[in-house]
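Only one chain comes next, encoded as structure tokens, the form predicted on its own.
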Amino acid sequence: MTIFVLSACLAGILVSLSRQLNGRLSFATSPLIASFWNHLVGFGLLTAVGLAIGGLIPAGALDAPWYAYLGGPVGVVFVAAGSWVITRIGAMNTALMIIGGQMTGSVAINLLKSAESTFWMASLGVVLIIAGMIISQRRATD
């Protein structure tokens, strides 16, 4: 379990770093151009790693439902929106709002799928994140 927690924390740190770098590129160019280069460089890196270690196109990849491939276009919108926002409201507020959106979306998806989850605990988490955003905004304006 510890390796999963550490991996998730590392992923969070890398997302924060990625947002900063894309925001800087967006500031110098545009959010769409930043998203384009983000995905082009990522595609090149993943292709090289996939070719080096193999398994780039695993058996059964075409058996996945069509909507499983919508993550790519959604990622383009995510990167472009994040790159646009971070240059306007800062890294801290952007991170808080992204996390708030993730929590809200996760609770909504679990509700729609009737997935077994701890609804009240997840909802409390969303409320606490939103409260944190409000408090951080008040301190920023005081």
Partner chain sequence: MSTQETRPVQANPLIFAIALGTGGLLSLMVHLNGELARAGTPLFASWAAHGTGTVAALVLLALFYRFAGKTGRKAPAPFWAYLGGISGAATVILSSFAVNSPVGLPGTMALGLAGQLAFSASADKWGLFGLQKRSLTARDFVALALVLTGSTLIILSGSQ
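Residue numbers count along the first chain shown, from 1. Fair warning: this is a prediction, and the values are worked out from it, not measured in the lab. Just so we're on the same page, rigid core means the largest C-alpha set that superposes within 1.5 Å between forms.
Only in words, not in the display: the form predicted together with the partner chain, which the text now covers.
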message: I'd like to know whether Q102 contacts the partner chain in the predicted bound form, with contact meaning heavy atoms within 4.5 angstroms.
response: yes
- prompt: Any chance L112 has a heavy atom within 4.5 Å of the partner chain in the predicted bound form?
  reply: no
Within 4.5 Å of the partner chain in the predicted bound form: residues from 31-57 (heavy atom criterion): L32, I33, F36, W37, N38, H39, L40, V41, G42, F43, L45, L46, T47, V49, G50, I53, L56, I57
query: For L17, is the C-alpha shift between the shown form and the other one 2 Å or more after core superposition?
result: no
